[in-house]
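Before any questions on binding or motion, here is one chain by itself as structure tokens, the form predicted alone.
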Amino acid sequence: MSQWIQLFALEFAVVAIAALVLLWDAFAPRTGRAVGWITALLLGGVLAASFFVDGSGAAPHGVFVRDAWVVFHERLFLAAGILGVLGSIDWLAMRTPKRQAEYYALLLFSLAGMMLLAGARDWILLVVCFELMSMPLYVLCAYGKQDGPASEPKLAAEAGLKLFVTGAASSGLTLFGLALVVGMTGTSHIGPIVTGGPVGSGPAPLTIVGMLFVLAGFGFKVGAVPFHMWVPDTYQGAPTPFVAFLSVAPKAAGLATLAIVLLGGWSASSSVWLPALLVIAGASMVVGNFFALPQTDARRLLGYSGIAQIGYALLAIATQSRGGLAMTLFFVATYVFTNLGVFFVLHAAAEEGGGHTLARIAGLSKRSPWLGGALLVFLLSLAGIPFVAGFWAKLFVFMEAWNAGLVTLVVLGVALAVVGLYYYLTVARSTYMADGDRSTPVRTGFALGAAIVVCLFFVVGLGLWPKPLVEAANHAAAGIVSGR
């Protein structure tokens, strides 16, 4: 029993916090913002404990492995969870004061699923963890069904339904593919596919079909083209503080799982999945960047931006190298803080401005200079402008892809980064150069302001000194891919 507790200590702690939150709500339902602050503080304690608890090891039969790869992702998910809670405290207290505990509990259960995903080495455990991560997200997406001004349509229920339908479709595709893969290989362990066909001929045709179905299922999870149709609509309709969390943490978990499967298990069969991955990466960069150009709703614009960013991350995975995987981790980590920050600033501006269109956030820098400055920094990071975190993320990804011989996609990515710069600067122009209502100052709650400051600190800090995160990413990637 002690071995299990040591191996899953952090995950047990997160689930225990969720149970504590629900018990607290049962006996003391009217505690204002206290339950949110306590949830954030307890998660901070778990994050601090991750630096002192040595839980490395493996579960029986190797179904779960906890190593540097898992530790890196656990800390990243916990950081995203803490910021997700902080960013939601003020909104929950104002809009759904009687349903705060359920929100935090659902977010924590989803967080536990993400943390387990990074270490899953068995298909059955992986599917269970995926569903543990995904099902609370369906509920949270529709949590603000009465949120927003009375003059605007309530889109949260539609957003939740679209996320649920596409999530169910992705699970169906994944399970169908796994049925073929597991049936042909005779094992549920995520490992090299070397059986199922004649000797020396590689995987059997049914195994190949199964692998492509699994890849398609993962494509839905991370919002890559052509499985991206849920992203802009869900981002537009769901509560903005939740969208901030949804836009980073589940995608990071999906990319981690994709790396485990493709580079750790199926690396010997790259001739099957690599062409499909390259097409998905290129299409995601093209569709995400060009479809973001005409958007007037900032949430939809950031949704298409996220699709493009996933394309860059998939490009790094396609290098099949340790350096490429490490830069994927670096890219994802910087994206977590950047995208959380930009959504939090947008939420703060929209609460006072009455909407999320570019016209509603016009003149934000005059109503709140510090929020306008923070938004500009986050937008520059998403665009990859020196010297903020996003610059190094894109530069390192392109360098690894160039070294791997993916020259065409690198040139395409650089050209599309220029396109991305245009619509990011469109948001910045609305913030700084457009005339807006200067009579209404933006009042940011303490919790939301703290979350924005933390994101700003990491985006600027990693831009000035990326070395510690690069070293941590290299150490984590060594457990999946050996060599350079």
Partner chain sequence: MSHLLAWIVAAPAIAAAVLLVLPASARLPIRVVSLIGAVVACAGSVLVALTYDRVAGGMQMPDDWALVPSLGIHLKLAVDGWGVALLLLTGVIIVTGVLASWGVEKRGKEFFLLLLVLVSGVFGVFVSQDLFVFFLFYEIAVLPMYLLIGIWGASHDVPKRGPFGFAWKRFAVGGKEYAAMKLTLMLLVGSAAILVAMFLLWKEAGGTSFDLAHLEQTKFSLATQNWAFPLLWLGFGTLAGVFPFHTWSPDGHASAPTAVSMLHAGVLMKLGAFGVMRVGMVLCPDAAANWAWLVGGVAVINVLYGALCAASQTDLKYIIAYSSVSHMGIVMLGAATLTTTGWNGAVYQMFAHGIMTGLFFALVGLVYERAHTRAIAKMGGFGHVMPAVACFFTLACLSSLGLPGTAGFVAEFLVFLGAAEGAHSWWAVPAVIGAVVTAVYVLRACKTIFWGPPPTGEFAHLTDARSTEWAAPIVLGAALILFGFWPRFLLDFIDVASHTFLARIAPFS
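Residue numbers count along the first chain shown, from 1. All of these numbers come straight from a predicted model, not from anything done at the bench.
The form predicted in complex with the partner chain is left out here; the points below concern that form.
Residue contact check for residue 337: none of its heavy atoms lie within 4.5 Å of the partner chain in the predicted bound form. Put simply, residue 267 is far from the partner chain in the predicted bound form: not one heavy atom of it is within 4.5 Å. Taking the partner from the other structure, the partner chain in the predicted bound form has a heavy atom within 4.5 Å of a heavy atom of residue 365. Using a 4.5 angstroms limit between non-hydrogen atoms, residue 385 touches the partner chain in the predicted bound form.
A single residue from the set 65, 425, 47, 38 has any heavy atom within 4.5 angstroms of the partner chain in the predicted bound form; that residue is 425. This chain is displayed alone, yet in the predicted bound form one of 245, 396, 312, 218 has a heavy atom within 4.5 Å of the partner chain; that residue is 396. Segments offered: 67-75, 273-281, 342-350, 410-418. Contacting the partner chain in the predicted bound form at heavy atom distances within 4.5 Å is 410-418.
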